[in-house]
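The same protein chain appears twice below, in two forms, each given on its own as structure tokens and labelled structure 1 and structure 2.
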Structure 1
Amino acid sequence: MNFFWKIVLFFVAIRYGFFEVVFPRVSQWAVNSPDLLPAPAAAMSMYTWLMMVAIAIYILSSEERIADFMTPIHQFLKPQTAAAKKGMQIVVLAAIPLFGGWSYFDVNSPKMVSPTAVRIQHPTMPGSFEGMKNPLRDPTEEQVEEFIAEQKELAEEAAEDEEMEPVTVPNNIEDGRIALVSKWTEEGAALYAVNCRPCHGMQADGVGPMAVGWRLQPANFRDPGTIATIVEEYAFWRVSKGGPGLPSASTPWDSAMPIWDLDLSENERWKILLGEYFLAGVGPRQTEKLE
């Protein structure tokens, strides 16, 4: 096979073989999806262009390769006498302008093309949320002391009542603080199970029972690109203000995220965040420390 056809074959193999056939199947297999998962058209065309640039660079990177590549073309274009070769020449030469005309026609004829959307994933959060801290991650000493006192009472009850699970009383403030945060986390996860689970799923993977009904799919909190990459007050903003709180670059009209500050108290929303991060198995991004 000469160089020209090798290049053509390479292009076809990657563009059609890999992108169209192999890639959608590998993606489907990788995420266990019911559908084939081709790369979006925009990404595909970007990859193709970059590959064409690379191929052009390769051919043009030495005089020898340029000659190798062009020789078969010049050969083909030579005046031909044999009928078969002449016929072939005519067919190919006619096909090129025809294809060009057809492509132009195809691109410009009115078509049902879905409007593509550019969506900004993490728009700027409003200043009013900036610098907020989840108060439940660091309970005050009074809160911890109160909690330890409650636990003591519970433990006494549990000692008398056999049905109850044994209650551990934290020995000191530090243990108490940890126990209190984990109690709040559990309450938060329960709030999550009631309020967020229908869309985001009990596994925090964005596939709750309602998810199939939306066009814009609920966020998968296990994806490192979602709640793990943002600071907690950002998540608090998203929970509090919901889809309608997004700027228009983030297509608020497609988001089914409720405005939770209408229905849940501030404390409940922070609690839900504790539970949500816990269920997703990730932590919020830490604010960079000022030196």
Structure 2
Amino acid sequence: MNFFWKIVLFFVAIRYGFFEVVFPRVSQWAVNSPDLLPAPAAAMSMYTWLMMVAIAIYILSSEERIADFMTPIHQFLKPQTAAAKKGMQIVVLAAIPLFGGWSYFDVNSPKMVSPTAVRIQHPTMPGSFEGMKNPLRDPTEEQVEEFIAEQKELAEEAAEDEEMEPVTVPNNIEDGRIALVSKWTEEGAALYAVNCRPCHGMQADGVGPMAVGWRLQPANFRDPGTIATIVEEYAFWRVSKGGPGLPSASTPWDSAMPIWDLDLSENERWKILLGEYFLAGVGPRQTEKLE
């Protein structure tokens, strides 16, 4: 096999054999997906052009390689006497501009294609999460009393230590409950800043520093059509199970949300929701009661 056909075979093997056949199956196996996962079209185009540039550099780096590569082309393009070779030459030379024109038309022509799936914004929540309540929104009297006792101890320490900030002690159970929820909300906002801010933004507006890297943009929690329309246990389910926990109906979801119950405790996830709703300036939807 001469040098020209080795280059052609190499290009076809990598561009079509690897990227079209091997890569989708390896990706499917790596993430345990039920479907093949082909490389994105933009990435395929980039890799194709890079490979062509690399091959061109390799060929042009040596006069011997240039001569070996061009020899079959020169032999094909020179005047042919045999009818079969002359006919093949005409077919190939006519096919090249036709293929180029068809490719350009196929890429740039408007297309009317029905969606592959109907994506619903809020899929059905698993029954195991229904009826859950955020225990941190309504602390028990025992929790409030324990918090007040802690505040008293801190206030005594602050009175003896001039470097400590003064500590306010709630006067009664109701004030203590409000202060405790406020404390948990601040802790939730801090957890949100560490775990959620990169995608959803510090203002919960979906424009975090990593947001541009995802095909499906992170949710803007300030949008009245997002977390303000769902009950809090639904938001807890989404935070806990992330993108992999979404049901198979109406897939693909393209959600990059991690499975946070692998890294955060249940208490931390409830705190994050306190901070999330606070930063978004909205509250969770309240369950309607039938009269």
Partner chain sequence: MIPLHSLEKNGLQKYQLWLSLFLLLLFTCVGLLNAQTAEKLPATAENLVAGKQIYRNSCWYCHGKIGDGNGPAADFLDPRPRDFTAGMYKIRTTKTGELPTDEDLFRIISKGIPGTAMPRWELTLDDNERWQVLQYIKAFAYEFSDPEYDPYKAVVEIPPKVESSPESIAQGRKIFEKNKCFECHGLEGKGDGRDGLEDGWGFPVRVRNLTRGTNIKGGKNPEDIVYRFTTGINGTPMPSFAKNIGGEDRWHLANYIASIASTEYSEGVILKAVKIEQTAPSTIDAEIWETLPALRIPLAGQVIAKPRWQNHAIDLVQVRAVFNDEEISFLVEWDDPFQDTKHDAEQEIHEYENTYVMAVDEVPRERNVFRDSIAMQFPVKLKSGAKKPHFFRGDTSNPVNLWVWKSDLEASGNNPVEDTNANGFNKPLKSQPETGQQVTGKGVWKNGRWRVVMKRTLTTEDRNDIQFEKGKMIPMAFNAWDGSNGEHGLIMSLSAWSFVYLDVPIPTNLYGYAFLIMLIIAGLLLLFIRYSRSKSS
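Just so it is clear, the model here is predicted, and its values are computed rather than measured. What we label the rigid core is the largest C-alpha set whose atoms superpose within 1.5 Å from one form to the other. For numbering, take structure 1's sequence and count from 1.
- Structure 1, rather than structure 2, originates from the form predicted in complex with the partner chain.
- For Gly281, the Cα coordinates differ by under 2 angstroms between the two structures after the core has been superposed.
- Relative to the superposed core, Leu262 shifts its CA atom by less than 2 Å between the two structures.
- Thr229 shows a C-alpha shift below 2 Å between the two structures [criterion: core-superposed Cα displacement of 2 Å].
- Overlaying the rigid core between the two structures leaves the Cα of Ala67 displaced by 75.1 angstrom.
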